[in-house]
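Coming up is one lone chain in structure tokens, specifically the form predicted alone.
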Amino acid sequence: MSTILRLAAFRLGLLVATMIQAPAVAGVDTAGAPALLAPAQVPAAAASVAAAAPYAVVKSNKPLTIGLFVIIIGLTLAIVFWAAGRSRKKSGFYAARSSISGLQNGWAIAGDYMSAATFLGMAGLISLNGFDGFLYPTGWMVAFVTVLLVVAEPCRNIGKYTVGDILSVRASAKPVRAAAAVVTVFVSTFYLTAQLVGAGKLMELLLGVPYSMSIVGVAVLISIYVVFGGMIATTWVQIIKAALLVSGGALLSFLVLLKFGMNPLRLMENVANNTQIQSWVQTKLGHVTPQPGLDYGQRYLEPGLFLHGVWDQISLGMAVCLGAAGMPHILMRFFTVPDAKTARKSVVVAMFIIALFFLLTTFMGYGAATRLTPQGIAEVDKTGNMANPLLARFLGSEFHPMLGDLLQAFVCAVAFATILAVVSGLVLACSAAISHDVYTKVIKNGRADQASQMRAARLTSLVVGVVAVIIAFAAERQNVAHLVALAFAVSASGMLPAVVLTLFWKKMSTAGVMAALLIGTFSGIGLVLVSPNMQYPQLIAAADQKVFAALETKQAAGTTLSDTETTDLANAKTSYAANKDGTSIMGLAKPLFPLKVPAILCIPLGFLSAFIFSLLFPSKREQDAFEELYVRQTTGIGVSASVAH
């Protein structure tokens, strides 16, 4: 019954998330994040309760892997060279001269959305946390319903280059553009951090390249892409990457299901009966000895291993369903097409591609759990980010060792291409926000010449890359899918209320826009900093104390500990000594906010702030301008030519 209630609560959360916009439109309705987050508070001995699978080791064919990396880099640099001549003006640099077709933009949106989190982190979350990991792709699969029905067409009809263009149509331009730029940089940088973490761990674990050197190298490549190629190069890199990603996911899923007669139900049955998975769940629940009557395999297929409460699950649903409609780099893609009809078509194309791929992540995640075991995956990388590369090697090696090398190299190259494409879009969104909104519109009052605007955009791209690298150093130990979910929660708290209420609420004022952007965004960030996502050394020490106390009690009773238990005892004591007096980076011994995903509180707070401040500080001029805004967002007058609908 409790399982049914949890599932019902999560689905209710999704329903609430999709209908939160209902008053605005006739209808209803991911990738992602704060950098200094920590993995779940688990004892040091957790990964060794059951023996790790011997094949889950970091062993790659470096010449083959490096060769495919070089091919990917060479192909993308060729695109940059081709696009450079078409990106000399700001219309080409920011919006690809609005020349992208609906099909192309759909694949590019999918490429923007299916990030390192989806390919690396998602499979890892599912393999280590079972059903809770599956909740992430479930929400992200329906997120673009919000985008399609609420923001795609109006944004294309009103905006030109950035979200600031939309928000400043009837509000005071300077403060709103400045605030929008700040929020864009915060949200994009957090999301960008997740991609850099994925790149760093990928190259460190598989190629032996130090983590710090890996993310610096990726940042240099991305700076080249954005500085010289702009949106045109970014779009084509995203299209190629999306095609590779879907192909790689389909191949891995096929090989997983092949072992179970192409029957997903047999896969689930194998998951529930797997003794290593059962042992892993026992450890995650903190049970030193098995509890009578508890089916640990079935427990893996139920919610609560990672998100421990119903409210956390509802909050996650709100974040992933609403966050996409507030992500600046996603909204920016609607400025690359010629009209609103094409914008809608591109969203529909993206929805099908994204839904297909997220369905495949389920097979990859559960396949990794059964074929590699959670213990084996965690021994390589506790975050689970390396589950897919390890799975590829294992599945290919069952046919021939060389095929294992080739498949793993292909998966790694696809993941690398994924990171390059998504980071390019994020850096470009930050660059456009600062150079177009702040430098051109605020500092220069709209009087900056073309050359100075392009210099500002390119310089901004370099600065954003440097900042992202610095933050990525601190986020090394995070699961990238969870980081992205947190970024979505923050974007849905600030950017989404500002955009939606600007488009559909007549009384929205400059004060309301500023309140939604700043209060919504920074309340989300603040809640994350005092949530269970942070590392709390004293909680780790408490968990370690339970482990070594139970093992010492067993030893005192005259039972000889196994080699694994002896190691667990020593590790737990060492970890306890190191953590017993520590605090989080906010100086806390334990979380102040109980939920891992803050969306359930900060999204309503963003909307409520906009309502309150708009009513307290109304503007008749801005209310009178709503009729013009409504006509523009409906028809596209002044932005795109009329087309048949």
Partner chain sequence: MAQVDYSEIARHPKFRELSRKKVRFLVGWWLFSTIFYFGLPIWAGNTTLQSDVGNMKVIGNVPLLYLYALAQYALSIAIALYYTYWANKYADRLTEELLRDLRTKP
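Nothing here was measured: the structure is a model prediction, and the numbers come from that model. Numbering follows the first chain given and starts at 1. Note that the rigid core is defined as the largest set of C-alphas that superpose within 1.5 Å between two forms.
Below, we refer to the form predicted in complex with its partner chain, which is not included among the displayed structures.
Asks: Would Ile73, Arg455 and Leu459 all count as contacting its partner chain in the model of the complex, using a 4.5 Å heavy atom cut-off?
Replies: No.
Asks: Of Glu302, Glu204, Glu379, Glu565, which one comes within 4.5 Å of its partner chain in the model of the complex, counting heavy atoms only?
Replies: Contact check passes for Glu302.
Asks: Among Gln555, Ser523, Ser172, Gln298, which has at least one heavy atom within 4.5 Å of its partner chain in the model of the complex?
Replies: Looking at Gln555, Ser523, Ser172, Gln298 one by one, just Gln298 meets the 4.5 Å heavy-atom criterion.
Asks: In the model of the complex, does Arg344 have a heavy atom within 4.5 Å of its partner chain?
Replies: Output for Arg344 is yes: heavy atoms within 4.5 Å of its partner chain.
Asks: May I ask you to state whether Ala178 is within 4.5 Å of its partner chain in the model of the complex, using heavy atom distances?
Replies: Ala178 lies outside the contact set for its partner chain.
Asks: Indicate whether Gly317 is a 4.5 Å heavy atom neighbour of its partner chain in the model of the complex.
Replies: Flag for Gly317 set to yes.
Asks: Is the gap between Phe254 and its partner chain in the model of the complex 4.5 Å or less for some heavy atom pair?
Replies: Phe254: no, not in contact with its partner chain in the model of the complex.
Asks: Given the stretches 184-192, 216-224, 412-420, 303-311, which is the single one in contact with its partner chain in the model of the complex, using a heavy atom cutoff of 4.5 Å?
Replies: Among the candidates, contact is made by 303-311.
Asks: Scan 337-356 and write down, in order along the chain, each residue with a heavy atom lying within 4.5 Å of its partner chain in the model of the complex.
Replies: Going through 337-356 in order - heavy atoms within 4.5 Å of its partner chain in the model of the complex - the hits are Lys341, Arg344, Val348, Met351, Phe352, Ala355.
Asks: Would you say Gly520 moves between the shown form and the other one, meaning its CA shifts by 2 Å or more once the core is fitted?
Replies: It does not reach a 2 Å shift.
Asks: Comparing between the shown form and the other one on the rigid core, is the C-alpha shift at Lys546 2 Å or larger?
Replies: No, the C-alpha moves less than 2 Å.
Asks: Could you check, with the core superposed, whether the Cα atom of Asn129 shifts 2 Å or more between the shown form and the other one?
Replies: Moves: yes, 2 Å or greater.
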